[in-house]
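Starting off, we have a lone chain in the form predicted alone, written out as C-alpha cells.
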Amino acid sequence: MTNRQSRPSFQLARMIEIHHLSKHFGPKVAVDNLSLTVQKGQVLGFLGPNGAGKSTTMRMITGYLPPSAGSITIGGVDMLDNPNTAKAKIGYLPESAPLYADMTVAGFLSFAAELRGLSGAAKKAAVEKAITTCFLEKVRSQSIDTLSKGYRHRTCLAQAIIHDPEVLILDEPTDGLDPNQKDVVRNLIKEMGKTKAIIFSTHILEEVEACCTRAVIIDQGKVVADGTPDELKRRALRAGSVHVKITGPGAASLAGDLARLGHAGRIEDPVTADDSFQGTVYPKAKTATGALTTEIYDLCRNRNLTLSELHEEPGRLDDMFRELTSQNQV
C-alpha cells in the first residue's frame, strides 16, 4: 500500500508528501490517485467544489482516516508506519472544530497543551504564546460558551498551534466569520506560513490571493490545477484578452483588421454602431498579451481613431475554478 523506500535527504524540506493517495467509501471514489508536496514556508490553498474530496484528503493527511491506497509522509515520517510521531508534527483545525463550552479559553488551551504532552513551564509558555498569537488576551478568562463566533474560531486555531507544529492543516478556518474576523485569521495564516507548511481549504477565492503562495484545485478527487495564484489566473480562458471601444471614421468595419493583427486570435462579442466598434480581442498565445495591446494601440493611432477603452484582462481565479470544475456540477 505504501512506498517504504528511503528518500534523499534534500527532500526533507518537503514537510508534506502525498503519493498516489486514494480513498474509497464502498463504490464511491472520494480521492483518486492524488499526489502533492508542500514545503516549509508554503501556504497552500486547497480548492474544489463541494464533494471534490478536500476534507477527506485532509483527514487522511492528519491520520484521522486511513487511505485505501497511497502514502503520506509528514516531515520525513511515514504516517502509516509511525502515526504518533507523524501526528505530533501536525496542528489540525477540522471543519466545525469541537470545543468544551464550560471551559475558559485559557483552561481549554491548557488542556490541549497537556494532550500534546506539555507540562510545567513549557505548558504555561505554550498557552501564553497561543493566546498572544491568536489575539485572545481579552477573552482568556471567559467561558467558551460566551464567546463570539470569531473568538471561538481563534480559540480553535490556538489549540491547533499550541505545540508549535511544523505542519498546519486547516479546514475552512474562516467559514462564517465577518470580514474583520476573516482578515485577522488570514493575516495569522500568512504570518505562520513563513515558518511552517500549511494547507487550508476554502471556498473564498480572494483568501487564496491574499495569503497563499500556492493553490491546488481538485475535482472529483483528482488534482486539476497546481501553481501560484498568479499562474492559475493567467491560465484562465479570458486572461490576456483585450476589451476595446473604438470610434471614428471606419471604426465599424474594424473587426477584420483587428483579427489580422500579428498577435490576435479570435474576436468575441463584437458590437458595431455608426462609426464605432466594441469587442474583446483574444491573443493567439498567452505570451502575446502585452504585444497585442501595443498592436491595437498602434492600429488606432495610425488611422486617427479614438481609443476610448483599452483594457487587458489579467485573468481571474474564479474563472479558472469554474472552467475546471463546473462541468461536473449539478
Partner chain sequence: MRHISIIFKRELAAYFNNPLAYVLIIIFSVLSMGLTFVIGKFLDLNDASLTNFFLFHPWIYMIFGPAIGMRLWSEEHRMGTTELLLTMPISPWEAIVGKFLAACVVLAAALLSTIPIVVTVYILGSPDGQMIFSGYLGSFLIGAATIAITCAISALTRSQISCLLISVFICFLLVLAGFPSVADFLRPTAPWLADLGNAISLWWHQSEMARGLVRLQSLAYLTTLIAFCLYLTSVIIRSKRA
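In this text, the rigid core denotes the largest set of C-alpha atoms whose superposition between the two forms falls within 1.5 Å. Values in this document were obtained by computation on a predicted structure and should not be read as measured data. Numbering follows the first chain given and starts at 1.
This next part talks about the form predicted together with its partner chain, which is not shown.
Note on the interface: of 235-243, 179-187, 125-133, 151-159, the segment with non-hydrogen atoms within 4.5 angstroms of its partner chain in the model of the complex is 151-159.
Checked against its partner chain in the model of the complex, the candidates Leu168, Ala251, Cys212, Ala112 yield a single residue with a heavy atom inside 4.5 Å, and that residue is Ala112.
Between the options Glu191, Asp102, Asp230, Glu137, the residue in contact with its partner chain in the model of the complex by a heavy atom within 4.5 angstroms is Asp102.
Of the heavy atoms in Gly76, none are within 4.5 Å of its partner chain in the model of the complex. For the chain shown alone, Gly41 is not a contact residue for its partner chain in the model of the complex, no non-hydrogen atom being within 4.5 angstroms. In the model of the complex, its partner chain stays beyond 4.5 Å of every heavy atom belonging to Ile204.
Although the partner is absent here, Pro270 lies well away from its partner chain in the model of the complex, with no heavy atom inside 4.5 Å. Along 77-106, a non-hydrogen atom within 4.5 Å of its partner chain in the model of the complex is carried by Asn84, Lys87, Ala88, Tyr92, Pro94, Pro98, Leu99, Tyr100, Ala101, Asp102, Met103, in order along the sequence.
Core-superposed comparison between this form and the one not shown: the CA of Asp81 stays below a 2 Å shift. Positional change of Asp102 between this form and the one not shown reaches 2 Å or more at the C-alpha, relative to the superposed core.
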